[in-house]
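Heads up, the chain below is alone and in the form predicted on its own; it's given as structure tokens.
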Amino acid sequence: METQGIVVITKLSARTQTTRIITLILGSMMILLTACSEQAWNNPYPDADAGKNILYSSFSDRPKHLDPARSYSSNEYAFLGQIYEPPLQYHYLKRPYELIPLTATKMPEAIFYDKQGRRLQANAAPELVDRTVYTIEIKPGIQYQPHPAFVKNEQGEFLYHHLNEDELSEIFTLSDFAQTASRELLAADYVYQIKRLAHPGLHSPIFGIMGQYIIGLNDLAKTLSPVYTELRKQGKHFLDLKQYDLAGVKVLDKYRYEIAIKGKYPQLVYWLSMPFFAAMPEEAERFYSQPGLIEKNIILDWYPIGTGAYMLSVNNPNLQMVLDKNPNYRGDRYPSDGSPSDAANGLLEDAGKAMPFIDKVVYNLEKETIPVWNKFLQGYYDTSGISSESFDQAIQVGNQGEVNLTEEMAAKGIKLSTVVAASSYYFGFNMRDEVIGGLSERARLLRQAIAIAFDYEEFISIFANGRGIAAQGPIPPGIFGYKDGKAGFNPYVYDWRNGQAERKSLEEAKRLLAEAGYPDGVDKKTGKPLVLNLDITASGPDDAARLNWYRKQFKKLDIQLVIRNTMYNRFQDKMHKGTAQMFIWGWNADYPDPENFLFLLYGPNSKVDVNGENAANYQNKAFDRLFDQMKNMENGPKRQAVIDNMIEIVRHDSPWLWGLHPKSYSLYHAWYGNSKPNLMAHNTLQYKKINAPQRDEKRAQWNQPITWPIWLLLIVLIAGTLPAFVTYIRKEHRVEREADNA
């Protein structure tokens, strides 16, 4: 009986356990579904970040350099501009763009001197000016971000500047240092950074141009070169720049320094708003020059150190970059004035408030545009560009060409921001080529004929979704010297009809082609078809259609276009050697001055001769003389007249097909505040703000889980297993009865 009793109890326990398991599974699923309905299942961020003052964005290309002496790329400036502070900045709201002090107490005044050292008047002619001196005074009390490079022990010695092997064994990232400290920003830090432009190990991309102006910079580079070579032979990395003088840059006192340049160069103040001229503490370079840290990639090029509103807390370019608010930031104030429409657009609501408004900025690596777009629509990215694939979903163009958001976007409260970029994308001719180049009448007419046939309006419509304007010359809108409407159209390519510029007819292009000696695309001298070569780097899936479109434009004139597609390094080599016949190039403004675009056609800036930015190798003595005159002039009617003459010359010579000035379209959610495009400023994050509760509410609304497929699957699962379960229960009852009867 005891044995039978044990058997009965065991079977009863098994049946009870099975029932409980099934009940538990069903109950758990119901609890899970109920709980998940309260929050989005697809939220890619930790639950702990909900409601926090965090901006979410993305990046597609990893930053190569985060050292301000080496960086010269917009994707790097997205980070550097928030961390490093040059003495000047651009007013966030005012247009036209206006330079204002950042760490400086006031705008530096240019003092002119002649060869005898006598001070000249402010309006002195450029040819009389031997040197210009700028004195810059910085604000007292500005502090660097917390950093281990500043930590000292009780004896006043730097704690982490001479790390031994045992100490290094526990260090893998900058955050592994137990202590951090700070110190005040000094004028000497700005002087130290300018010296770094001549550092032979850094290869600063602006050393060439700055060497033309900053007195003594070239001499400093020559002095440092053998010293640095010897240090490297000894296995050392730190070159103590404080031991070497730079004739044109001097520390005057704790908060003042001066920069002396050759001649007159008003554009220097624009450079003083760029990270190249930000402050660099000598302690940082000494700290980062330790071989043990270099081996672990704990270097200045990876971990920047600045006085800006943010500091880089996570640098994992294969996954995520994170900026945290600098706890030592002084809290500069949001501007109280701006452009006339700013108040109506709500851009002055935060006037006078301390910045930054956002505590953290998270950048996630996104290689493709579709995931970025989808996450933006779900509310997981606060802003987004508009790719070609998503353009029709976001934008609708009216009958009169007006651009508006689609109903779907408007219903979400998404806002659209558009601005014509201070950029030029052009189709260039190598002016040293025997066929297409030179200033002969034959070559000039050939280039003008191609310029007429090459329909950039169609290109913008097809390949840029209408986001751009056909260029009439090298200077884009928003830059002094640009003229709109009838005063600014190119008469060699367009006619002015019905209040607008209309591209000349194809018949006119063919007439010019025949006059050039190529009737119907045939060279009269040789009797052979005219064949031209376009060197290009094209590897994307959309490039085939674009290349076919290029061929079509030349086919209009019966010119055979051969596209020579090559790797980027090979293409660069052709450009440097001047063997490319035609090419496609572009330029983004470094600063809002016409000199920054007109120098792209300045003869002494030739790509072949000096590896300059004159990629077309264009040389016209009249243009060059006017450029030398124009570059040092103040903006005004006289400078405009010189620019007009320069543009007339290059339009006539046609070294470029002037191409297009792109329009930048960006979207942002209603919770993203103080958004105004600023094409010149780099430190714009501190002005932005986030309404985190509103964002959380919209995320929950837009990402409601769709649970009916799970319920359906559950019902099917129950329906499928129920017969087997019933059969099992019946069998258990039968076994129990048989056991009881026994």
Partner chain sequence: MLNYIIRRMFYAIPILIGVNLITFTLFFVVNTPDDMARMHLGMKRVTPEAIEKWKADRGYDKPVAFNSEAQGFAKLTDTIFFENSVKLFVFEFGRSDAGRDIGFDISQRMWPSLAIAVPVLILGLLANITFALLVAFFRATYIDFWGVVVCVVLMSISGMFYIIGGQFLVGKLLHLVPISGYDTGFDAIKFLILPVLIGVIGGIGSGTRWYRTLFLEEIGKDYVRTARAKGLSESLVLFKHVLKNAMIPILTGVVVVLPLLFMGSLITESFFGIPGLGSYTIDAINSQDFAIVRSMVFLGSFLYIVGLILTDISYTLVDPRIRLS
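Model, not experiment: these values are computed from the prediction. Residue numbers count along the first chain shown, from 1.
The same protein has a further form, the form predicted together with the partner chain, not shown here; the description that follows concerns it.
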Next item on the list: Tell me whether 375, 378 and 611, taken together, all sit within 4.5 Å of the partner chain in the model of the complex, counting heavy atoms only.
Entry: yes
Next item on the list: Identify, from the list 179, 572, 135, 336, the residue with a heavy atom within 4.5 Å of the partner chain in the model of the complex.
Entry: 572
Check: Which of these residues, 528, 367, 621, 497, gets a heavy atom within 4.5 Å of the partner chain in the model of the complex?
Finding: 367
Next item on the list: Work out which of the listed stretches, 290-298, 442-450, 549-557, 645-653, brings a heavy atom within 4.5 angstroms of the partner chain in the model of the complex.
Entry: 290-298
Notebook entry, point to check: Using 4.5 Å between non-hydrogen atoms, is residue 674 touching the partner chain in the model of the complex?
Noted result: no
Check: Looking in the model of the complex, any heavy atom of residue 319 within 4.5 Å of the partner chain?
Finding: yes
Note to self: Taking the partner chain as it sits in the model of the complex, is residue 385 in contact with it (heavy atom to heavy atom, 4.5 Å or less)?
What the structure shows: no
Next item on the list: Consider residue 711 of the chain shown here, and say whether it contacts the partner chain in the model of the complex, taking contact as heavy atoms within 4.5 Å.
Entry: no
